[in-house]
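In the form predicted on its own, a lone chain appears below as structure tokens.
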């Protein structure tokens, strides 16, 4: 069962009613990140943002755009492209909504050049679990007096509130942008050399079979290094489930070597420290997590069928007590995706 309120105030009203009745709800944008978290953490009743898809304000000269949370990313991309601008942290074409991408912290492949998605969120309006509308940040300068609510909502997976409006920082569309690939088993060594030799590449990604490179800039600067050929971005690692492992960038080569020994499909973002790993079993998930934890990192199950999400988050994070307090403050009745997050929050 799904409801799709047409306004932010009606979203807030639905949440207030759900809290009063103790009825769990699952916020839903495009549904592209629905296989995340504990399997029992998404209630059967959805609160859709599909009708919150409007453009509120666009100021191209300031490189900022304000949209409702349910706007499809593809539509935002089209609006920005008309002014020679783009939102670089995410890809397009999969039906995701702006609010959903923010709530899942789905930074794209070009994070090395453009930063994590949370840094592009200037202002956010959230309908909390008990039906309040809360605004934080600013449309031109990110306000950080008090708690940084935009950062908090990025990656909260709808467990604290529903993103009903977002102001985003855009970038000028570069004159040239191209992916390249160089097949070969020396991908790690070659990728580390690229980080030293190239000025601000969009991405340097190592897979078991190749080094993938994105260059961004003026046409004369977007030239394939020796041995590289024009190509599409790397494919998602193969497997029934996707695990996202993260360690410090300096220790990512150690994780790559460990994953190579396991003969798993992966795509590691050099200079960033994240690595997407394709897995087929709970045992493989555990092995990936063991290696990440040994390197002072973590590994979460990002996309998997229910049977591989019995332990999606791994050991409880050090800040679990604070997470519980935040949940109580934003969703006192615990109606938003109860049990989805670490520690059964």
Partner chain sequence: MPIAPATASAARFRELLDPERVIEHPLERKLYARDGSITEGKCGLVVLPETRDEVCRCVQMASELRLAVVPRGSGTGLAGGAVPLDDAVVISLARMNRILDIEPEVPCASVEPGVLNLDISMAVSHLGLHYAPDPSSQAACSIGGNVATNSGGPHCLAYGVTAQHVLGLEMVTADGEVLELGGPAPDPPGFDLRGLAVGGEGTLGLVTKVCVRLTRNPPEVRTMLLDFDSVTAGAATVGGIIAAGVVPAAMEMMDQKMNVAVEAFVGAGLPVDAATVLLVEVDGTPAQIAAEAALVDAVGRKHGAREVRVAADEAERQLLWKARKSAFGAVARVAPNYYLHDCVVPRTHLVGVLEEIGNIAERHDLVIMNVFHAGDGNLHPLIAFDRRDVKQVERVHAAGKEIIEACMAVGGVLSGEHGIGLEKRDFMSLQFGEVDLRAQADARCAFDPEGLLNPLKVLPAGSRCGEVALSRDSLPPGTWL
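Numbering follows the first chain given and starts at 1. Here the structure is a predicted model, which means the values were calculated and not measured.
Not on display, but discussed next: the form predicted together with the partner chain.
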Do residue 156 and the partner chain share at least one heavy atom pair within 4.5 Å in the predicted complex?
-> yes
Given that the partner is absent here, does residue 108 sit within 4.5 Å of the partner chain in the predicted complex, heavy atoms only?
-> no
Heavy atom to heavy atom, is residue 59 within 4.5 Å of the partner chain in the predicted complex?
-> yes
Looking at the partner-bound form in the predicted complex, is residue 241 within 4.5 Å of the partner chain by any heavy atom?
-> no
Testing 207 to 215, 167 to 175, 72 to 80, 254 to 262 against the partner chain in the predicted complex with a 4.5 Å heavy atom criterion leaves exactly one stretch, namely 167 to 175
Would you say all of 21, 95 and 163 touch the partner chain in the predicted complex, counting a heavy atom within 4.5 Å as a touch?
-> no
Name the residue from 190, 271, 225, 233 that puts a heavy atom within 4.5 Å of the partner chain in the predicted complex.
-> 271
Taking the partner chain in the predicted complex and a 4.5 Å non-hydrogen atom cutoff, the residues of 242 to 276 making contact are 246, 247, 248, 249, 250, 271, 272, 273, 274
